[in-house]
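Shown next as structure tokens: one chain only, the form predicted on its own.
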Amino acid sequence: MSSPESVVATPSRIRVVDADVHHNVRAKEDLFPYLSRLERDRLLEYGLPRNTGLHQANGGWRGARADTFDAGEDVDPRSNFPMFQRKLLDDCGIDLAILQVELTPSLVALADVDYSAALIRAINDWSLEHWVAKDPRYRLSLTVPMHDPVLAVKEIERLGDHPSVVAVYVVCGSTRLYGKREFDPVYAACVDHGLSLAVHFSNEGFGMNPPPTAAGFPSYYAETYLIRPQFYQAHLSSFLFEGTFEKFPQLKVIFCESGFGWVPAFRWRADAAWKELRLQTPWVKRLPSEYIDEHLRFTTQPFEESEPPTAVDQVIAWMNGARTLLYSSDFPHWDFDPPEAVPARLGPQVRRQILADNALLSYPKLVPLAGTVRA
């Protein structure tokens, strides 16, 4: 297991921070050293939980960029550490990359929460030892069993002070909206340990989770791809009107891979709803758009492609994107965005904020060490 002392220093110059990168184990055997004998035997007999995605064909080559498969090797790109270093960190000039393990959705879908928590502990320890400790450019978003808030808090207490753990990682698929008060201890633990909350789509409609839409399940991946903003809107509405940000004024929430074109209209409608209905929620003291500006961040991937191309610039202005947008690549998935996806026409200051500065301000533990230069 990696210890805090094994982590090396932050890179000396910060030009690009990637807020959403997906790594994974090669095989179940990778987790054996981090499990008890009972848990190891169970994993050996039944294998890792299956990916719970509805659609086996979801774009690209096996869901990834074709060029992330090394020639002559049949290795899952998400587990190819040298390839990540070459094609993401080096070729794209990524100074800090926040890892969010691909296995998380299937781990948090298990009904047996104790076994789920054991596998989650193992994947976190493995990530710290075999990825974070081997390259100073990596940070980890800590997977937690959010379906059991008590166990989620235990995992935060166990690893939340590790200097390379910068966020808590949860997925949208859930039996409960995340503003519900039973999750408050998780957010208190995040604040106590200086961690942001990273929310990513997945597991909607699987296990004990309700269907992903009010009319059931989509047939094709393109449909699922298009409806993802509603997953985030539901949780964001809950955060706002349950008063999460009044209770936890230091909490930052990062919506990963949600797109951002929907954000301006949501802000306008949320403000109107609050003005018209705020007698029902007197604990919400401010306009929802003010809470969003202060507490919510949205990652750029998939970057919105508008017609004309400059139309998206107005969307960014309407959502205060110079403050609320964080660059993310979603590497190594098929719709990966390099830093150049953030257009130069936005201007050097706005690009610098989106590519690095906003992330450095949004993850409390990501602040560069003494002597580090924000390029």
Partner chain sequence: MSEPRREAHLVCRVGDLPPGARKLVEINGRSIGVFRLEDGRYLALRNRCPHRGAPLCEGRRTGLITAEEPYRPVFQRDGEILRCPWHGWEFDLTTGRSVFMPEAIRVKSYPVGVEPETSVEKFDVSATEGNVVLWTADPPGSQPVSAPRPEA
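Residue numbers count along the first chain shown, from 1. Model, not experiment: these values are computed from the prediction.
Here the subject shifts to the form predicted in complex with the partner chain, a form of this protein not shown in this document.
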Answer key: of 317, 38, 66, 27, within 4.5 Å of the partner chain in the predicted complex (heavy atoms) is 66
Tell me, which of 341, 48, 322, 312 has a heavy atom within 4.5 angstroms of the partner chain in the predicted complex? 341
Does the partner chain come within 4.5 Å of any heavy atom of residue 232 in the predicted complex? no
Residue 305, heavy atom within 4.5 angstroms of the partner chain in the predicted complex: yes
4.5 Å heavy atom contact, residue 32 to the partner chain in the predicted complex: no
Answer with yes or no whether residue 81 is in contact with the partner chain in the predicted complex, where contact means some heavy atom within 4.5 Å. no
Do any residues of 320-346 have a non-hydrogen atom within 4.5 angstroms of the partner chain in the predicted complex? If so, which ones, in sequence order? 334, 335, 336, 337, 338, 341
